[in-house]
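Encoded as structure tokens, the following chain is the form predicted on its own, with no partner shown.
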């Protein structure tokens, strides 16, 4: 007997599909823990992440009250990793939401209008997508300058063409659907049809890829910070922590290993969560 035959609602079927994917559940748990750490950083961090102490320079992990050791300025590595989670989440989530706000309307307009409008918008998207993500991010950050919000804008502009591509495909399939034709027959404006009727049907695909692109945005932020174009020191960021730790790999490997492990686990968590959301969006995995 299928799930549909035992009276389960669509939401319950989706939840069952998600819970059957153990990797996705593990990813969701890790993401929740990461959010808790980022929000509670002022209370979880054992030390001030920017306070320097010449007497405690390069302390190894486990020494005194420094669980992950200290850096060359005597700053607590664990506290900096905890505060770095706040920066990474802020950049990752905000840049994806902003990129979505820019790219999704462009993709829906291109797919719904077709013709010259579609050609102009999609050729602009093709030009943007022809650049490697990191290279395009470097160009935009170099033009805008460093800083958290400038980096968010830069990564959002990198993500926007990808959102436009994802939104355009389903819109083309929906523009001749019966409910859209009925809305046109009632005299509904194109703008209202696009964002009242088409957008809700496109959003499941958008939400599915968003979690994957949060991981990509966090990786891009770490890369830009590693290259010195991201969050300016002394603000803790996993990327600039790895860059600072590279010079001490022989003497103090924990300086690079701790933030690198945080980046790895965060990207892995969002990717596993994205796999679960993709299963929910696929009717075949829901037995429909």
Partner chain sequence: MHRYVLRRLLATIPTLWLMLTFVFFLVRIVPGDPAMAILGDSASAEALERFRQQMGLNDPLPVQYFRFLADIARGNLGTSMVTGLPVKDQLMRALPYTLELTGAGVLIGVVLGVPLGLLSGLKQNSWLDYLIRAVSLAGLSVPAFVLAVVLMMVFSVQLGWFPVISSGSGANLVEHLRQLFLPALTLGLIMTAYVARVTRSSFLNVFHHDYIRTARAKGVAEPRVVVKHALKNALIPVITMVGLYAGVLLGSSVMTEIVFNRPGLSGLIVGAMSRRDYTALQSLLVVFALLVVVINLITDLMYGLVDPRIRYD
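Predicted model only: the values in this text are computed from it and were never measured. Residue numbers count along the first chain shown, from 1.
Not pictured, yet referred to below: the form predicted together with its partner chain.
The contact residue chosen from 193, 209, 136, 153 relative to its partner chain in the predicted complex is 136, the criterion being a non-hydrogen atom within 4.5 angstroms.
Segments offered: 61-69, 41-49, 244-252, 28-36. Contacting its partner chain in the predicted complex at heavy atom distances within 4.5 Å is 244-252. When contacts are judged by a 4.5 Å heavy atom cut-off, residue 277 does not count as touching its partner chain in the predicted complex. Though the partner is left out of this view, residue 223 does reach within 4.5 Å of its partner chain in the predicted complex, counting heavy atoms only.
For residue 17, no non-hydrogen atom is located within 4.5 Å of its partner chain in the predicted complex, even though that partner is not displayed.
Residue contact with its partner chain in the predicted complex: residue 173 places no heavy atom within 4.5 Å of it. Candidate site formed by 123, 227 and 260: every one of these residues places a non-hydrogen atom within 4.5 angstroms of its partner chain in the predicted complex.
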